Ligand SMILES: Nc1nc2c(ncn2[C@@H]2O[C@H](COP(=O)(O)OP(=O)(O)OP(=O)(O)O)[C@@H](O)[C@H]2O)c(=O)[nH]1
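Let's start with one chain on its own, the form predicted alone, as structure tokens.
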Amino acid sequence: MVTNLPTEAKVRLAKYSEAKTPEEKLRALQEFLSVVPKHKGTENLVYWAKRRMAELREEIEERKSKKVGGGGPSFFIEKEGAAQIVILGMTLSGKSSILSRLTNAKPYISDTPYNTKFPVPGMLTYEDIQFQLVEAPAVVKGLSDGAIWWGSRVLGLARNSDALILVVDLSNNPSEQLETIINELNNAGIYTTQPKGYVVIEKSKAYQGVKVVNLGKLINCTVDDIKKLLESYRIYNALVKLYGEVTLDDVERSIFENITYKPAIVLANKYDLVYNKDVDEIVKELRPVCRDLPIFIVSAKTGFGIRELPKNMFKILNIIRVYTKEPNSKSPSPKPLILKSNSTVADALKHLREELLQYFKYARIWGPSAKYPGERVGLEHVLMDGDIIEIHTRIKAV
């Protein structure tokens, strides 16, 4: 993508990056489009700018309507439970029925297309924790273009989530539906499979200059090339994290777009309508579209395949449950800490109270990661799901 933009266009883009309000960002992009040269090398950048402008206009209008009307239904769903999982699918794929089957929610279920206008949340219990499932309004072709009023809001829900459930209707060309959903997510910089490489840029005056942390491999460029590119966009203080195989194009794209990865599963729904079709055959048909995503054949109507879903959702979230225990206490806390897989004792302390780190002496562990019950370990010990941790400090932390 490295577009070799003229200095004036780069200055306008820098103004967009520095802008604080939606109105300021919108004006900066309008100015950018007025000076950017229109040719094949800038097509993707112009497309991104127009889509972002549409999103900003929506955001501005929504704020105005809230001030005038004083509220109404909202697309923002505050996170609850161990994780928030957003259900995406095209209209009439059975998203509402799946939400009803899995949670305590009572969505309106209808054969009328585009019945769901706003997100609907519900809580799903898995063993001793709960997940929040959120049914989003329907995905359609062009959702990421900014032309559909709910497009940016649905994509915002997906971006803010911890994981995604992609629902397709087995009776209505499921491969095409799945391809549409994944394409719209990818166009918005939301990936359901890890890309070969991606870049995270954290701009802050707290950083002295541009610092590059290479956690992958640079392709046909150097760290100096990255620093020069950022400086050409007036980015002088930033932390740049490189993951996987990264090109200079990937770095430039990350200046404008927020690339993110979301774990996901595919629910091929309405098996009751195609029950004569072999399950393995269905998976084989869908596999080329979704690569290595887990695929589950289900029927929200009959309950087929639904029982195992909570366990599999837990797996894709890549989280663990760790239970704390006070010294000299016989029982651990019933409510676990929710941590990322491969978290250490230090991560657990940060989750509890970060200042405990300065008083830390040692921890005792019971559970899967312990070599024996009550093993004494240090901060670097890697925890596992179901572990019980007992923290010992040098002095009592206040």
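A quick note: this is a predicted structure, and the numbers were derived from the prediction, not measured. Quick note: we count residues from 1 along the sequence shown, nothing fancier.
This protein has a second form, the form predicted in complex with the ligand, left out of what is shown; the following refers to that one.
**Q** Spell out, yes or no, whether the shortest heavy atom distance between T324 and the ligand in the predicted complex is within 4.5 Å.
**A** No - in the predicted complex, heavy atoms of T324 and the ligand never come within 4.5 Å of each other.
**Q** My question is simply whether S175 lines the interface with the ligand in the predicted complex - judged by any non-hydrogen atom within 4.5 Å.
**A** Residue-level check for S175: no, no contact with the ligand.
**Q** Taking the ligand as it sits in the predicted complex, is I235 in contact with it (heavy atom to heavy atom, 4.5 Å or less)?
**A** Taking the distances in the predicted complex, the answer for I235 is no, it never comes within 4.5 Å of the ligand.
**Q** Though only this chain appears here, would L273 touch the ligand in the predicted complex if you measure heavy atom gaps against 4.5 Å?
**A** Yes, L273 is a contact residue.
**Q** Out of T91, Q130, T180, Q84, which one falls within 4.5 Å of the ligand in the predicted complex, going by heavy atoms?
**A** Flagged contact: T91.
**Q** Name the residue from T260, S254, N186, S97 that puts a heavy atom within 4.5 Å of the ligand in the predicted complex.
**A** Checked against the cut-off, the match is S97.
**Q** Using a 4.5 Å heavy atom cut-off, which of 151 to 159, 262 to 270, 197 to 205, 225 to 233 contacts the ligand in the predicted complex?
**A** Of the options given, it is 262 to 270.
**Q** Does any residue in 131 to 157 get within 4.5 Å of the ligand in the predicted complex, counting heavy atoms only, and if so which ones?
**A** Heavy-atom contacts within 4.5 Å come from E135, A138.
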